[in-house]
Structures are given as structure tokens and as C-alpha cells.
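Heads up, the chain below is alone and in the form predicted alone; it's given as C-alpha cells.
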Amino acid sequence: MLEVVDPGPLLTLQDRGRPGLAHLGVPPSGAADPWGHAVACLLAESPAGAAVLEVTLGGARLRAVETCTVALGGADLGAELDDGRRLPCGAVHLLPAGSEIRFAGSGPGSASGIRAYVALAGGIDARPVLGSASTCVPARLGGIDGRPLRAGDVLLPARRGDLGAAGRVWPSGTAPHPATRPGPIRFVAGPDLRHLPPDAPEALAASTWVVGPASDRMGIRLDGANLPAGREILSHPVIPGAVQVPADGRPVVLFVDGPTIGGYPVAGVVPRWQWPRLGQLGPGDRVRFAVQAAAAARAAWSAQQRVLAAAARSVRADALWDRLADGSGG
């Protein structure tokens, strides 16, 4: 059981989101970094769709009301106990009752970025709204009253008192976080090229962009050599990953809490296998893009899921050996 002492800049409950409701104007929400969410859930032996804490930028402080375990995924935001002991990302840690875990900010570790994920045993007990506990702050859906978490909020694990996962470690050598891999973020050429200059995808790929300070879970705003402006068009459905080109030529990558319709042309779409990288981008980060064929994006997604599944099997096998060693299961 954890109590929020200080939420930092933004602390929310997130799971895999509520896809399939865009026709009702409901964004999918969910973890901005789905890889980090999956790692935390697998380490904590939680269901794949379990709710976890999404810590943004650091600054958060959490108190263990009673002894519990926490699994950390996503970016290494300098988690440490109040006695100064570092808590590495990609591992499960035992928190004694009364101790505090705090996130100092980005530090060396398994992933670079701005978001960390904290999973409790079996997931965090939260009431689903439209099939998901994910917090969508703009729509005031999910989480606790649709708002960011604040001091005094208490979070209960689904398996209260289960400490069996303590010490478990993610095989980061064979399944590193996608944000640690160098190279450009891939995108597939978009559906609205007829409303843009013919070289719009190439212009997007030719520049180095800087993530703007107004970026958030709704959209990643990019500054740099502006793209040739497109013309405003009739509003049409858009999805997370869509790279819109407003009239000022400064692209915006729509993201998990973003709108479901838009009236600016879409020059490209960042495919799902690159979302863990999008979710770890923060203000001031520099990023480049490269065009990818749709078939290659689908193949990359499948390959990424195979790596994740293999790592999950490794974690489960280690857990089984641990239970056999201590005589608690077979």
C-alpha cells in the first residue's frame, strides 16, 4: 500500500488504455510508454492490462503505508529510498513500512526519458471507467475522479501482502528499452499528402527537431526548420502518432490523450512500435525522423512483441525457480 506524499509535476494511474472509442470522441489514453508499462507489470506478476503509476519528470514521493513491493519500468528517474539507497529501474524492490521512495529525476539506467512506471503486486486496485482505469485528465476520465494524483491519495495493490516478487530483475541485456536504441524515430507517410507540398515527408525527415515546452500526453510539439505549410482541411479522424502540420509549419505528433478528429493535414504516422520512444520524449530533447514502409512497420511491431514475450518467459522462469528454491510452489 502506497500513499502519495508529493505527486511531482504529474502523477497518474495508467493501464493499456481504452481503445475503440474514438467514434465517441474518447481518446485511448493509457501508458505513454507501453514498453515501460509492460515491464513493470511483468515484474510485479500483474495482468497485462493492470493499472500502474506513471511518474513524469521526477519529483514524486511515495510512502509505504505497509510493507510492499514496487516494480519499476520505463525511464530511470533516480528512484531512491529515504535512506539514500538507489532503486534501479527494471527491478522489483521491497519497501519496508514507513519508508519513502522518491524520484530525483533522470539518471543513468536502463532507459532515458521522462516517464517511469511503478507497479504493485497484481496491479493497483482502481475502478475502471469505459473499460479502463487510465486517467485522461483533459476528459476527466478514469484514475481517481479523472484527475492527477495528489498528496494523501492511497493506492492499494490487488494482492495485498504479496512480497514474492522482491528482487526480480528485467533481462535488459536481451530486451533493452526501445528508447535506448539510437537512430531516428520511424514514421509511415500520411494520408493527407495531397494537401501538403509533395516533399513534406522528406522535409520532416531532413530536419532535426526539438521537443517544445508545451508538449504533453495530448501532443508532442516540435520546433525547428518549419515544414512547408499545408492548408486547413475538413476535420477527419486522427490517431495517436499522427504528425499534423498546422498552418505555421511546426509539426505536432498527436499522442495518447490527443483529439480524435483534426482539421490539419497529416504528413505521417508514427507506428505503434515506436510509441515507447515517443512516450519518453521530453522538452528540449532533439529528435530526427525517417520514413518507413507500412509493411516494415508491421514487421518491426511483431519483432518487438517477440522480444517482449521472450523476456517475459525468462522472468516467469526465474520466478518459478525462486518458488521451487524456497519450497513455496512447483
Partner chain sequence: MTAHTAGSVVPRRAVIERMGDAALIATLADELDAAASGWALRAATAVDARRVALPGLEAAVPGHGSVLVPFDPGRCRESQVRALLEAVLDETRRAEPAPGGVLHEIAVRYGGVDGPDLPEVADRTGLSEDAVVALHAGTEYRVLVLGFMPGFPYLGILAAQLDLPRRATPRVRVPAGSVAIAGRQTGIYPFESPGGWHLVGRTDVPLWDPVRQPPALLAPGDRVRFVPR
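Positions refer to the first chain, counted from 1. Please read all numbers here as calculations on a predicted model, not as lab measurements.
Form predicted in complex with the partner chain: not shown, discussed below.
A.B. asks: Does the partner chain come within 4.5 Å of a heavy atom in each of 188, 236 and 272 in the predicted bound form?
C.D. replies: Yes.
A.B. asks: Within 4.5 Å of the partner chain in the predicted bound form, heavy atoms considered, which of 104, 81, 206, 139?
C.D. replies: Selected residue: 139.
A.B. asks: By the heavy atom within 4.5 Å rule, which residue out of 125, 232, 162, 223 makes contact with the partner chain in the predicted bound form?
C.D. replies: Looking at 125, 232, 162, 223 one by one, just 232 meets the 4.5 Å heavy-atom criterion.
A.B. asks: Please tell me whether any heavy atom belonging to residue 26 falls inside 4.5 Å of a heavy atom of the partner chain, as the geometry stands in the predicted bound form.
C.D. replies: It does: once the partner chain is placed as it appears in the predicted bound form, residue 26 has a heavy atom within 4.5 Å of it.
A.B. asks: Give a yes or no for residue 147: in the predicted bound form, does one of its heavy atoms lie within 4.5 Å of a heavy atom belonging to the partner chain?
C.D. replies: No - in the predicted bound form, heavy atoms of residue 147 and the partner chain never come within 4.5 Å of each other.
A.B. asks: Should residue 129 be classed as touching the partner chain in the predicted bound form when contacts are defined as heavy atoms within 4.5 Å?
C.D. replies: The answer is yes: residue 129 has a heavy atom within 4.5 Å of the partner chain.
A.B. asks: Taking heavy atoms only, is residue 260 within 4.5 angstroms of the partner chain in the predicted bound form?
C.D. replies: Judged by the heavy-atom cut-off of 4.5 Å, residue 260 is in contact with the partner chain in the predicted bound form.
A.B. asks: From the candidate stretches 189-197, 176-184, 151-159, 69-77, select the single one in contact with the partner chain in the predicted bound form, where contact means a heavy atom within 4.5 Å.
C.D. replies: It is the stretch 189-197.
A.B. asks: Any residue of 286-304 with a heavy atom within 4.5 Å of the partner chain in the predicted bound form counts; write them all down in order.
C.D. replies: The stretch touches the partner through 294, 297, 298.
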